[in-house]
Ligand SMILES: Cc1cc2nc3c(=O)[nH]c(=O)nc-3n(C[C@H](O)[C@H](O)[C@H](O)COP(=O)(O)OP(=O)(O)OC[C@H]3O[C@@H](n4cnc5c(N)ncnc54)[C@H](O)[C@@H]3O)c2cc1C
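Just one chain is shown here, as structure tokens, and it is the form predicted alone.
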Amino acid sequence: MPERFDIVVVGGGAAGLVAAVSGARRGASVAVLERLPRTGKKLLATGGGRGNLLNENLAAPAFTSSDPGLVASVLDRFGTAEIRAFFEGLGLRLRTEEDGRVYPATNQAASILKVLELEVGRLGVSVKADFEAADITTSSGGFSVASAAGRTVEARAVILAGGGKSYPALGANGSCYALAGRFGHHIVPPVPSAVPLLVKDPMCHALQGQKLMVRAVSLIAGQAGQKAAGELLFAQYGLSGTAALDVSESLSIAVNRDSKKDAAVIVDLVPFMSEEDLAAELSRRVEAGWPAKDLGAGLLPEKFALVMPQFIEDAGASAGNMSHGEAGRRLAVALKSKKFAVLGTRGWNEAEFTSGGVDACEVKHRTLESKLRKGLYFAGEVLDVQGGRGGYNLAWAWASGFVAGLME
């Protein structure tokens, strides 16, 4: 006879472990099904291994979703204060950085996983490793979950918390999408997010390995989208660094999901100067007869000398055809709004997050129960809910996991 539980959680990551704790604390018998040999492997890599588990600026507008109201309804029940109290109650000391990012005092993601595993053990949750959920069917008492190897467990309720598709090397494969689809749920096509951008521009090749601080904005069909300030890294394939990653979601959706051909990122290469001041400085240098390759000296990294003559030509800023002031103005405009056409993105192995998933419009507010099948719940990245870098996505995992486990 298959083992039977009140709740079966599919996925032993961040959302799944908290869902199990939430359910077990109210007296339910709970099993966690994890397809890898151990739980929380992806959690160990968060925040560069430091475990950025929350952001003090957590709020619904920080997320995109097919149903933004769903996010707000969950965070109203389990927001910043509740997440902090939950982990502090497990014995995890926290510290907050100036930008609002919250980390364990140990600065190790392993500390987060350890306190969760201790609580799961204390509550008597059954963790079934190497259990790859391949099918879910309904039974008289609820659900039957079968593994690819033929193991079966039964439950009154199921929480799908198997995550998205980013970092497949850490166990993510998007398998819960197919399980949700068995009950008629629509899947918003998943695409990589917080991912490097594919750009074909001579500047990227010439400057590969160069980093600098910039401002960036995505541009799709002529409409400005996400904005970011941070580091830009030039690579042979295109652009990476935090600035590129932070505007990549809208660009990835445009090129990977919607097959749009008019996507770009606009980069301010000299964000510490106004366009007017930059134009005045460049005009002075042109008038003084500075060599073209050196016009960016002291303003841009020295490696830019390799591309500055071509940059000037492309900007139509050749001093021989116009006044010094006009040449400086044109070059300033070009440096403050360099356009890179985006042809695509890097793949899932380089994406921090997944954009897309189970359509949030098909999930009940406040409880995360399926509108299509009673007793089926969702938590974490399997849903079409995406937050930015900086602790937002893990915060969603904790909040949605805890709320799903309540089954109210």
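Each residue number is its position in the shown sequence, starting from 1. These numbers come from a predicted model, not from an experiment.
We do not show the form predicted in complex with this ligand, though everything after this point is about it.
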request  = Determine which one of 249-257, 199-207, 215-223, 156-164 lies within 4.5 Å of this ligand in the predicted complex, judging by heavy atom distances; exactly one does.
outcome  = 156-164
note = Assert contact residue (this ligand, in the predicted complex, non-hydrogen atom within 4.5 Å, options E132, E117, E287, E326) equals E132
ask   = What is the one choice in S370, S65, T46, T345 with a heavy atom within 4.5 Å of this ligand in the predicted complex?
value = T46
inquiry  = Please determine whether A19 contacts this ligand in the predicted complex, using a 4.5 Å cut-off between heavy atoms.
reply    = no
ask   = Counting only non-hydrogen atoms and a 4.5 angstroms cut-off, does V127 reach this ligand in the predicted complex?
value = no
task = Would you check, heavy atoms only and a 4.5 Å threshold, whether E362 touches this ligand in the predicted complex?
result = no
message = My question is simply whether E352 lines the interface with this ligand in the predicted complex - judged by any non-hydrogen atom within 4.5 Å.
response = yes
query = Which residues within 12-26 place at least one heavy atom within 4.5 Å of this ligand in the predicted complex?
reply = G12, G13, A14, A15, G16
